[in-house]
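Only one chain comes next, encoded as structure tokens, the form predicted alone.
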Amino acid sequence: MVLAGGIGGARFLRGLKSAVPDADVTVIGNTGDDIHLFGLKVCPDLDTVMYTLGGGIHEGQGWGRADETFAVKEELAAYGVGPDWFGLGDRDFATHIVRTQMMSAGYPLSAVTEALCTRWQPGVRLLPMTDDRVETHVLIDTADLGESSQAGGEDGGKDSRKAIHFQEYWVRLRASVDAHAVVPVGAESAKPAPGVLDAIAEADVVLFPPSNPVVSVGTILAVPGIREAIADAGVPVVGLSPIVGGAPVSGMADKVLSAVGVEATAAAVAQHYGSGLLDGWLVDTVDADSTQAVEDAGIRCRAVPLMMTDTEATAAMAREALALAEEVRA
């Protein structure tokens, strides 16, 4: 079983499928990135997994559809309808229309995701973490947006802050301003989607791919019952570091790690997950000197190449993760 966010999780899953093509893989997908745009329910991480494994992803971007066109986006812009910073393509719009229609008819997100996967045949069982609405918000300073503050207080309002949707922080602002908190709004009252807890209980191994530990894997773990189920499952839990050489392999994970008080290092991320959850941790060979710190935290650690340069390199990473799981099991 794999907990997956977007690009990193999807590419790791492609390597895992190559490494163990006959394995039954269940994926619990992050839905904290979900957003409503133009009246449509958009699930970026679920769709990235579905498109990547189903052969429809834009390989250069790692998200969105291959051979995409943007006529609808251009027409919306001509009408002055925003936001213009989130670029949905015409092919992608079709997915969101079908999803929204089905959910409006009363189908839960888990059932809709299963129906969408019948077209794409991703070769894994893809489950959203919850059928309930959860949206990750990021707390930033209004001054960083060039907004004047009306707030009073001892500081004269200069430190006034506001919460914005994670997609606005990540896509529009490109994480260019400091994040002071990351909150998965609604997670505290959400329930795991049907099949999630059963999948954890039946798993032989649980893998955390090199996805964002705060807003991808972390958001999944924020749904009550999921972290506890994984910790109590009695099977090896192995993660792969998304931080190599003190920096994210891709994206801007360092910004949201800072918001939760975690250093952007391979060892610090392992310690953030904790030995009560994590049994094994893979770091890149450039971070080999951090293995002892991870071991001292009670987590078995090995240094191996962790750059997903192609499917075979990613498959090798997956094999190393499974080997470490077997070492832990033994």
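Predicted model only: the values in this text are computed from it and were never measured. Residues carry their position along the shown sequence, with the first being 1.
Omitted from view is the form predicted together with a further copy of the same chain, to which the following refers.
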| item | value |
| --- | --- |
| Heavy atom within 4.5 Å of a further copy of the same chain in the model of the complex - residue from 229, 235, 249, 98 | 98 |
| Sole residue of 41, 300, 272, 65 within 4.5 Å of a further copy of the same chain in the model of the complex, by heavy atom | 65 |
| Listed range touching a further copy of the same chain, judged in the model of the complex by heavy atoms within 4.5 Å, from 68 to 76, 206 to 214, 166 to 174, 235 to 243 | 68 to 76 |
| Touches a further copy of the same chain in the model of the complex: residue 93 (any heavy atom, 4.5 Å) | yes |
| Any non-hydrogen atom of residue 120 within 4.5 angstroms of a further copy of the same chain in the model of the complex | yes |
| Close approach of residue 143 to a further copy of the same chain in the model of the complex, 4.5 Å, heavy atom | no |
| Non-hydrogen atom contact residue 50 with a further copy of the same chain in the model of the complex at 4.5 angstroms | yes |
| Members of 290 to 328 lying within 4.5 angstroms of a further copy of the same chain, judged by heavy atom, in the model of the complex | none |
